[in-house]
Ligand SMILES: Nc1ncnc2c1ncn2[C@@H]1O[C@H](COP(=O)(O)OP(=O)(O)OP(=O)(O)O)[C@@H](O)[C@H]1O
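So this first bit is one chain, no partners, the form predicted on its own, shown in structure tokens.
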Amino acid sequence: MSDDPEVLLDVKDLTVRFGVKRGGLFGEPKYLYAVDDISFQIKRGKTLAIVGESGSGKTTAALAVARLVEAYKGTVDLDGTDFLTLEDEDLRQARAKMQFIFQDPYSSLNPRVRAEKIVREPLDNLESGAKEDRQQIVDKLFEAVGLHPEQQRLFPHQFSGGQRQRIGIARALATQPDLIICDEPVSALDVAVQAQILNLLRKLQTDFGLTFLFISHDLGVVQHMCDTIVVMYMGKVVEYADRLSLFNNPLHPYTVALLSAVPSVDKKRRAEMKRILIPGDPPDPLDLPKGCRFANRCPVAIERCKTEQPILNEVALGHQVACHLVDERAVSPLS
């Protein structure tokens, strides 16, 4: 449990592994470690982003925090309670404190149920308050996310993509959660609609004091939305810092390469930014190297990187990085 009362979510040593087919009848079982011993904290009313390319483990980490995927080990302390140890009715009631906004607004809504019932469903499942009070909550939620009262009787196929995501947001808000996990909530939307949804999320955070765990591969979105950022690669955290530190002084070569790929409308910035290409492919997740998992693609890797796994160290105030080539001077080896 975190000693800081401002910390709402404290994740420590979270590991998720999946068993794969063993070789032969008597072969030893093999495991794919999708999330490998990661830790982070989110303060109340703030937003933390987990970023990385596909296969980095960011979505699996979020699913494990929400108990939608089983964690192999670790703790998920939500407001003083280890979420991973709860069972049965305790878990069902605790789920009201943690809700999910899914990536795809098309498949995350039941096409046979009207929008009104979709938003009210979490309240009905938890038997929260009188039935007439639940309807008042639904009315207020539709207003809060920018939908009209008459749209409550419509089915999901009668809404646009952005409107469907607004329904998903209203559903997530129904139980008045402490934490909302946003799994790439705008990646399936048009660019103009993305901006509307992101601005809505920021407004709701201010109005209701929400705390967000934000999963994304889009660093432009992360820069607009988040206070703190965790960068993951092959199941490991490689860098962990506040937004300004990470964008102004990225330290890990992988983070530098990711940021160099972010497009910009600023002509001067485009001229100054050196595009860093990441060669090769990620290592086999079933046969991970002994050293740094990024070593085979890193342009500045040394022999130590290939034989010794780096530890996540704090090299500046609130700025942690897992790289043998970064010390207390907090200078990127690619600078």
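Numbering starts at 1 and runs along the sequence shown. Note that the coordinates shown come from a computational prediction; the quantities given were computed from them, not determined experimentally.
In what follows, reference is made to the form predicted in complex with this ligand, a form of this protein that is not presented.
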Of the options Pro289, Pro282, Gly45, Gly55, which one has a non-hydrogen atom that comes within 4.5 Å of this ligand in the model of the complex? Gly55
Heavy atom of Glu116 within 4.5 Å of this ligand in the model of the complex: no
At the 4.5 Å heavy atom threshold, is Leu32 in contact with this ligand in the model of the complex? yes
Quick one: is Glu184 in contact with this ligand in the model of the complex, heavy atoms, 4.5 Å cut-off? yes
Indicate whether Thr60 is a 4.5 Å heavy atom neighbour of this ligand in the model of the complex. yes
